[in-house]
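Just the one chain here, the form predicted alone, laid out as structure tokens.
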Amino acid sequence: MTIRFVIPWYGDIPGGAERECRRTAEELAARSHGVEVWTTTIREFASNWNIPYHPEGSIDTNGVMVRRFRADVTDHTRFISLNQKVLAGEILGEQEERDFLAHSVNSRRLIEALSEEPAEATFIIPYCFGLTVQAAYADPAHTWMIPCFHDEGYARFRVYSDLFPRLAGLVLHTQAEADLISELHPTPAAALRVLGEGVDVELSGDAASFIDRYGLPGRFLLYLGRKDQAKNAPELLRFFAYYRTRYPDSPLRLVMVGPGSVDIPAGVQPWVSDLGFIPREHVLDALAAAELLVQPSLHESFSLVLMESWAFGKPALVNAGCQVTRQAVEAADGGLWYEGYPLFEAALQRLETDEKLRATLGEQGRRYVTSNFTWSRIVERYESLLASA
């Protein structure tokens, strides 16, 4: 069976969907499946979409045949203006929604080739671009979408109520993702297949090296991710600042790793280290050194950083407003959750002062990840899905 993935951009580039596509394709190829990836000549989301970065054509990349098609020239200014409205929580009108998809990343050449060269199984990831919507319509009966769906403005586009029920099915990461799709775009239950996402569980890091390299005395909780409003980083800083005023003798620091920037309250600056973007090996060192991971985001479809922290045996503190991370913590019994500052304080106090609790929760999280999300298990789930299609 030829397995095809369609994604707007492909390679060793930032992004959860991009990483998932690359690793899933490579792991399937390593099991002797015929795997190909169809994508555009665009480098990544942050590049200029109207200027090709990659040449057109096919190339073998880590055992996967990657075929690139020239992207269409679109009105990026129009896309940005509509995207800003979506990010601000506005509901687009029907014409605005069509314009959003039309001026998003697209490739007529790729869509034409899909119609001319159908595959036995096509997986499209993620859901929220013009290219991925058009590709899904090209051969819906043999197409599975990996939407990476979560509670955001794009999730309410009207097009998905028509598209999702037409597909062979949706490959989902969590039950919370399936529940949200059912709420917003009723889809046959049999088409919602919760497979999860692969996690590298054999991870290692050098805690002492991280402490020495970044000059971090004492214990710390770790935040990994974009430092912006969408990830709820500003609220985390406010909560931690208030926690420090309530517990001035606490040894805990907050270490933030990832792109973007936030304003650190003046009174808490000595206790917050914003390291920005650091190399992957340093991230692993940070996970090895941290007391726990804090995940304040409200909008996740899986949360790889949560799973990787559990692979290191670290407990997690998550926002109860995110059904995905709260359900994961409850399923794993691998951490605590909070809703509002009082519960944040109570949970952090327990985790800070109870070493045995931290160890127990971290070990339970580690067992949960290794039992459910190793790459071998994920590939087996894909194989079972394809066998039953």
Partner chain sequence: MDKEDSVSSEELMRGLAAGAGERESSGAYPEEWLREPPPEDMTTGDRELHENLIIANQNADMVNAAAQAARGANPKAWLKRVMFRLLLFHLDQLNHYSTAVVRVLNRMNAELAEARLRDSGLREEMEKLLSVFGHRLADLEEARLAQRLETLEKASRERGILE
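Bear in mind the structure is a predicted one, so any value in this text is a computation, not a measurement. Positions refer to the first chain, counted from 1.
Just so you know, the form predicted together with the partner chain exists too; it's not on screen, but the next bit is about it.
- Proximity to the partner chain in the model of the complex, taken as heavy atoms within 4.5 Å, picks out 253 to 261 from the listed stretches 161 to 169, 131 to 139, 253 to 261, 111 to 119.
- Checked against the partner chain in the model of the complex, the residues 179, 206, 96, 152 give one hit for a heavy atom within 4.5 Å, which is 152.
- Residue in contact with the partner chain in the model of the complex (any heavy atom within 4.5 Å), chosen from 63, 34, 52, 321: 52.
- Contact between residue 30 and the partner chain in the model of the complex is not found at the 4.5 Å heavy atom cutoff.
- Taking the partner from elsewhere, residue 228 is found to have a heavy atom lying within 4.5 Å of the partner chain in the model of the complex.
- With a 4.5 Å cutoff on heavy atoms, residue 69 does not count as touching the partner chain in the model of the complex; it lies far away.
- Although the partner is absent here, residue 242 lies within 4.5 Å of the partner chain in the model of the complex, judged by heavy atoms.
- Although the partner chain is omitted here, in the model of the complex all of 58, 83 and 350 have a heavy atom within 4.5 Å of it.
- For the stretch 323 to 358, the set of residues having any non-hydrogen atom within 4.5 angstroms of the partner chain in the model of the complex comprises 329, 330, 333, 334, 335, 336, 337, 341, 342, 343, 345, 346, 347, 350, 356, 357, in sequence order.
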